[in-house]
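Presented as structure tokens, the chain that follows is alone, the form predicted on its own.
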């Protein structure tokens, strides 16, 4: 168990690095507080029941706990993720397994295709992160991964970007243009 001072220090290091690569990072004490922030955000972004305005939510403990809450009453929010819905979604909401403080990187087990679809196809990716799963670096992560359980691990560092064409940095070419992290103190962490 990480001490609170260590956790706060890791969170601040992660937040600084993540913001440096264009990630928006917000911290909440409880899942409910995160949900209270998420609902107005979805409404502000224009989530609706029409193509191009859907929000898809890939299953995870926090998201399952929100399924029966007010979130499910917002038109256009879907808890089943299909390729078609994700391709026409404005927002994808997933839970990530770890974050790396030294690079501002999120780490997600994407063995389930729903996680890949919701985190890579929509224009905006909202990632739910347990602050107790922020690790110092990749070395610490390697000790937490079980390759027998995880067959597809994604490392996400900021919004999608490329400079392949004439070295001009372009955001959102191969994935989300915007990455928002909701860090929640009461989340559960699991070994991949």
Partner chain sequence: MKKDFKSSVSKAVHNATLTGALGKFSEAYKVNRQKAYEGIDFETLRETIAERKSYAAAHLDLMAQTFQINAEAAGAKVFRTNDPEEVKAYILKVARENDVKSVVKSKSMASEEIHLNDYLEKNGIEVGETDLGEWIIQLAGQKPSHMVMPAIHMTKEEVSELFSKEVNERLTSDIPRLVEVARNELRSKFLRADMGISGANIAVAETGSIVLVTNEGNARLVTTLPRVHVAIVGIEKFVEKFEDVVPVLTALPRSATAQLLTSYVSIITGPAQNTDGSMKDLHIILMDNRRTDMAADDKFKQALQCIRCGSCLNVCPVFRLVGGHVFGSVYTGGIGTILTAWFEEMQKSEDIQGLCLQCGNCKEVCPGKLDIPDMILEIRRRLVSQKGQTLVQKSIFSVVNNRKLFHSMLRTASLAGKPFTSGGFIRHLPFFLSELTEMRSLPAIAAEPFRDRFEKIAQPKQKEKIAFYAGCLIDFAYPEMGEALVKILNKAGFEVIFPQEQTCCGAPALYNGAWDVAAQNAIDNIKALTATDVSYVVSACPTCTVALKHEFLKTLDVEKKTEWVAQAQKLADKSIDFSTLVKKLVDDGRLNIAEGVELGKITYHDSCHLKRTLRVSEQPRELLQKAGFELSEMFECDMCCGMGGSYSLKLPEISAPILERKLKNIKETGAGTVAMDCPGCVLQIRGGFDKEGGKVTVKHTVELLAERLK
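Just so we're on the same page, rigid core means the largest C-alpha set that superposes within 1.5 Å between forms. Numbering follows the first chain given and starts at 1. As the structure is a computational prediction, the values presented were derived from the model and not from experiment.
The form predicted together with its partner chain is left out here; the points below concern that form.
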Please check if residue 97 has a heavy atom lying within 4.5 Å of any heavy atom of its partner chain in the predicted bound form.
-> no
4.5 Å heavy atom contact, residue 138 and its partner chain in the predicted bound form = yes
Is residue 87 close enough to its partner chain in the predicted bound form to count, meaning some heavy atom within 4.5 Å?
-> yes
Exercise: residue 117 in contact with its partner chain in the predicted bound form, heavy atom 4.5 Å = yes
Name the single residue among 154, 63, 39, 53 that comes within 4.5 Å of its partner chain in the predicted bound form, judging by heavy atoms.
-> 154
Full three-residue contact with its partner chain in the predicted bound form, heavy atom 4.5 Å, for 105, 110 and 177 = yes
Residues of 158 to 176 having any heavy atom within 4.5 Å of its partner chain in the predicted bound form, listed in sequence order | 158, 159, 160, 161, 162, 164, 165, 166, 167, 168, 170, 172, 173, 174, 175, 176
Tell me, please, whether between this form and the one not shown the C-alpha of residue 139 is shifted by 2 Å or more, with the rigid core used for superposition.
-> no
